[in-house]
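Just one chain is shown here, as structure tokens, and it is the form predicted on its own.
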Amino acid sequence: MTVVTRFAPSPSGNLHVGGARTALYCWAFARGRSGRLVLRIEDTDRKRSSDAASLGFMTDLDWLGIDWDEGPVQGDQGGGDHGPYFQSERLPIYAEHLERLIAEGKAYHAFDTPEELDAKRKAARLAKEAYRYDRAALALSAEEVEARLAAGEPSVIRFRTPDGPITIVDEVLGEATLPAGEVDDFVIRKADGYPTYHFAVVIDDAMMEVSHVLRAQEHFNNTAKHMILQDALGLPRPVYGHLSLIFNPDGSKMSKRDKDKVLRAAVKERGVDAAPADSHGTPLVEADVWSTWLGDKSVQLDLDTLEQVAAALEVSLPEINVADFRRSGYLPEVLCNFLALNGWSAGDDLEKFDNDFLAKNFNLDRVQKTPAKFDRDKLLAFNLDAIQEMSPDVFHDLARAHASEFRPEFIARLDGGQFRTLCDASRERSKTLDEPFSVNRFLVSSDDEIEWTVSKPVRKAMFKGEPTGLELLGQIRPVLENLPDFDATSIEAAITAFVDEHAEGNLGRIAQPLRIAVSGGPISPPIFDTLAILGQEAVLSRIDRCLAVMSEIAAAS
């Protein structure tokens, strides 16, 4: 038997890390057995699907190094003999199987209105009973059904669930038996003409020759419906393995709501009453929507708006989707390594491995049943280790590619030499590819945007000692102004000579005042590199403004 797995996302948003792990496991299981991975887009829920989202899925998978053999075409991936691979393009196939089930008496049209069904559910709740569809539609004669259909009356198609218990066999969770009556006559085609998830997935898995279905545990109970549909249609049953969910360390589910919580907390702490505006002065959120969001924790902004507001307020949101981790500067191989460990063990306490190792060694025996805890600190440590193991050239190339996509202002502001200096100065302490840019935004700010807050470290550096740091800053300005070559080597030589003469050889006495003057705070890359990256004109301009501001503060105190 050829092993065939499938990853079948619903294109209703970005690729969640939980979905990425499922795709990774499906890929590894197939690759390690010389099998095939099918990518199928399950877009039959028209209210939640979008073509843009499905393309985003493919970009995320490609970035992670998860290639597929069959599916939508992207580059040299995709195609195949079992398409189309968008379920919305397979409606005639589903219709044929639906008609067969109706003809065989295994499915039937039901005309119950949403109001009628809601009333029956309410009655079941009042009676403290579990709601089960009462098969009222089966009382209709064939002639009445045909007449109502001919009149254009909307209907769903329900599957007639056989009596008796249903036993699910799962390679991860073991066996479980649902008692008779647990699964009622569920809908397999909606009133809009589209099949439900349960029906489409069964048809597609069979026609695409899927041998193993690896998916999240939240689908475990759905498997009972899929098995009885397979039996009714005479289709083979694939092997099932249901994977534990990925939780936050506190046991909560990783979701978009995590981002909402962080933004809410920041807005509340800062007392932000109105939504920030875009570059044209237009509020990112309408006033009534913003007010409703502030007052009701159950209301959430859509993801794009939420992220725009966070960016405008400079609020860092937790990474939830693959695109978040990419934007934050994580390495794809590190993220794959870490995701593999969130639910599977390589054994022998091995934690660091690549995708090739995973493909050769992944099996279902070591997949854990309990939820995995997503340890962000551990992921960050993995990423730091990988960056520190890189050569300077590799780090530079990756950082430049990252900046080109996510930090274009650094590409525009720094020439090749300045950019290389920033990378070389940042590599050993950078935990992500984004860190050289996120913590050094002062390098690309205009000179008049730099502001100074007199914190304890700033006060010590500027106003303590004899002479004070502020006095030393004024004395070194003409030294820097008269340098014919403003590179790191020339700057180091000039500042070292100045320190020997004016600060008893203590570089820190002038390095910190300089750092504060040009960056606004006491942290930056090594001072000689920082000055060289900024350039002589910007350095002198910022020193002048800092001298003026700090002199006023000194006089006032």
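If you superpose the two forms and keep the largest set of C-alpha atoms that fall within 1.5 Å, you have the rigid core. Residues carry their position along the shown sequence, with the first being 1. Keep in mind that this is a model prediction, so the values were computed, not measured.
Absent from the display: the form predicted together with the RNA. The rest refers to it.
*Asks:* Would you please decide whether P371 lies within 4.5 angstroms of the RNA in the predicted bound form, comparing each non-hydrogen atom pair?
*Replies:* So P371 counts as contacting the RNA.
*Asks:* Indicate whether D324 is a 4.5 Å heavy atom neighbour of the RNA in the predicted bound form.
*Replies:* D324: no, not in contact with the RNA in the predicted bound form.
*Asks:* So in the predicted bound form, is the RNA close enough to S291 to count as touching (4.5 Å, heavy atoms)?
*Replies:* Residue-level check for S291: no, no contact with the RNA.
*Asks:* Can you tell me if L117 lies within 4.5 angstroms of the RNA in the predicted bound form, counting non-hydrogen atoms only?
*Replies:* Yes.
*Asks:* Suppose contact means a heavy atom within 4.5 Å; in the predicted bound form, does that hold for all of L173, H219 and G343 with the RNA?
*Replies:* The answer is yes; L173, H219 and G343 each reach the RNA.
*Asks:* Thinking of the RNA in the predicted bound form, which stretch from 279 to 287, 205 to 213, 246 to 254, 481 to 489 has heavy atoms inside 4.5 Å of it?
*Replies:* Correct option: 246 to 254.
*Asks:* Scan S10, T22, S541, N14 and let me know which has any heavy atom within 4.5 Å of the RNA in the predicted bound form.
*Replies:* Comparing distances to the RNA in the predicted bound form, the residue within 4.5 Å is S10.
*Asks:* Can you pick the one in E389, E143, D163, D377 that has a heavy atom within 4.5 Å of the RNA in the predicted bound form?
*Replies:* Of E389, E143, D163, D377, the residue with a heavy atom within 4.5 Å of the RNA in the predicted bound form is D377.
*Asks:* Would you give me the residues of 480 to 516 that have any heavy atom within 4.5 Å of the RNA in the predicted bound form, in order from first to last?
*Replies:* Contacts from 480 to 516: L507, G508, A511, Q512, R515.
*Asks:* Align both forms on the core first, then report whether R31 has a C-alpha shift of 2 Å or more between this form and the one not shown.
*Replies:* After core superposition, the C-alpha of R31 moves less than 2 Å between this form and the one not shown.
*Asks:* Any CA movement of 2 Å or more for G508 between this form and the one not shown, core superposed?
*Replies:* Passes the 2 Å threshold, so yes.
*Asks:* Using the core for the fit, does the CA position of E492 change by 2 Å or more between this form and the one not shown?
*Replies:* Result for E492: yes, a 2 Å-plus shift.
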